[in-house]
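To begin, one chain is listed below as structure tokens, in the form predicted alone.
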Amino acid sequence: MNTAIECIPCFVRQAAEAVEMSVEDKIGKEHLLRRLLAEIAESDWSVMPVKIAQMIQRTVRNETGQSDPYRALKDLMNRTALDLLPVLTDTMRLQQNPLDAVTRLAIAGNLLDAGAKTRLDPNDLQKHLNTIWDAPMAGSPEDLFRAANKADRILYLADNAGEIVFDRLLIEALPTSKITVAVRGLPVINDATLIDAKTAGITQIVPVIANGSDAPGTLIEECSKEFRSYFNNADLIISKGQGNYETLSDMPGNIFFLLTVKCPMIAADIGAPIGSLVVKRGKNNKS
């Protein structure tokens, strides 16, 4: 997916948020924000949105010397999700269709996304999760589980901190012996890294690798040799979140995309309205 005019306000908001989180004095904030706005204006808008978001976050890290400006927010997201996990697990078990329930919960966690305009405040998470059991869903969890049972090697692409706690429930419901989870190689926005995978307990269940990249998506050409090997050898890829969808939606292969639709551009491309839970095979799937 390429950048559209409608993406620009989101870049500006991301830039302003990153500056607010990483710079204390007013003059410093204004200086950095002006630089970021200039970079956004001068950037190539024909590239994927993830590339521009990556540029913004690199500039913030380089200018402020903060390697992980969103660390405090990510810690809050993880703590909130972990605190809610016991009661959500009990509620999930009361649902009539367990596969549908665990998939809904994993996808709903995708709203914990500091990069999205419609992101969910961690403090509002419980209220939101009470609504997910009847929310519209595009696609079939049963198709996902059938594909997982047939596969020999599954690569699960994580997305955000906080969300990764709910990913754990889905991973545990899948054939774990076949799964490797991949997280971002370096901090970017609130995307999950190895620290978050450990906090969520993922590393106790399945192998976890870092993809070697600081993009808030999966730019294959920027990822490590190790990650590319796992990606190319997987016969099923489970891709979480909008950033991964933006970067992988046009790729061939057996890819299932799991996300909450948060913007009109994704909605139009994936064929589901904003707010929908999505569990769908990629458009170029040959299976």
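Residue numbers run from 1 along the displayed sequence. Just so we're clear, the structure is a prediction, and the values are computed from it rather than from any experiment.
The form predicted together with another copy of the chain exists for this protein as well; it is not shown, and the discussion that follows is about that form.
With the partner omitted here, the residue from N233, Q66, S43, S224 that has a non-hydrogen atom within 4.5 angstroms of another copy of the chain in the predicted bound form is S43. Proximity to another copy of the chain in the predicted bound form, taken as a non-hydrogen atom within 4.5 angstroms, holds for one residue of L248, M55, L33, M48, which is L33. Although the partner is absent here, R228 sits far enough away that none of its heavy atoms falls within 4.5 Å of another copy of the chain in the predicted bound form.
At the 4.5 Å threshold, heavy atoms of M21 stay clear of another copy of the chain in the predicted bound form, well away from it. Under a 4.5 angstroms non-hydrogen atom cutoff, another copy of the chain in the predicted bound form lacks I220 among its neighbouring residues. In the predicted bound form, another copy of the chain sits beyond 4.5 Å of every heavy atom of A267. Annotated contacts: L94, P98 and A135 are all free of another copy of the chain in the predicted bound form [non-hydrogen atom within 4.5 angstroms].
Look at 33-41, 254-262, 235-243, 56-64: in the predicted bound form, residues with non-hydrogen atoms within 4.5 angstroms of another copy of the chain sit in 33-41. Along 50-81, not one residue places a heavy atom within 4.5 Å of another copy of the chain in the predicted bound form.
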